[in-house]
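We begin with a single chain expressed as structure tokens, specifically the form predicted alone.
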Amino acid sequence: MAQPDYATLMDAALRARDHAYVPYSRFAVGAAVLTANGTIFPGSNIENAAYPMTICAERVALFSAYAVGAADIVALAVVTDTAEVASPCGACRQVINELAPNAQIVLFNLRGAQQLTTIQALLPHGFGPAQLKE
């Protein structure tokens, strides 16, 4: 596959961020995943008054792709309004490790900073399906 179009993917993450439901934290996050066939699935974080029910933007985007059978994720973009780029939380790292283990990940903020990384860099020695096999 050709190099992912990060600009388009990042724009989708920015647009997704506009739809975040964050009445409690006011910390809006946008994400978007790109599949091998070029389809982009956006995600935004969705909070809930029962805080454990909150779901992160990365998982929304990944679950949306998987829900329609688009499992060949090649890239993921995550945008935050932070001084530095923000890395996915531990729960999201675990999900990325399983659902998009080969994806390139671009982390960026509204100030123009960006970092290209992988789940192997973010979650070394991650637990996954291989550990469940005998």
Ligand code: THU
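Because the structure is predicted, anything quoted here is derived from the model rather than measured. Residue numbers here begin at 1 and follow the sequence given.
Keep in mind that the form predicted in complex with this ligand is missing from the display, and what follows is about it.
Visitor: Taking the partner as it appears in the predicted bound form, which of 68-76, 98-106, 33-41, 48-56 has residues with heavy atoms within 4.5 Å of this ligand?
Guide: Answer to the contact question: 48-56.
Visitor: Whether Q120 contacts this ligand in the predicted bound form should be assessed with a 4.5 Å heavy atom distance threshold; does it?
Guide: Close contact is absent here: in the predicted bound form, Q120 is far from this ligand, nothing within 4.5 Å, heavy atoms only.
Visitor: May I ask you to state whether S64 is within 4.5 Å of this ligand in the predicted bound form, using heavy atom distances?
Guide: Residue-level check for S64: no, no contact with this ligand.
Visitor: Could you confirm whether A83 comes within 4.5 Å of this ligand in the predicted bound form, counting heavy atoms only?
Guide: Although this ligand is absent here, A83 would stay clear of it in the predicted bound form, with no heavy atoms inside 4.5 Å.
Visitor: Do Q94 and this ligand share at least one heavy atom pair within 4.5 Å in the predicted bound form?
Guide: No, no contact at 4.5 Å.
Visitor: Within 4.5 Å of this ligand in the predicted bound form, do we find a heavy atom from each of S25, V29 and C89?
Guide: Per the other structure, all of S25, V29 and C89 touch this ligand.
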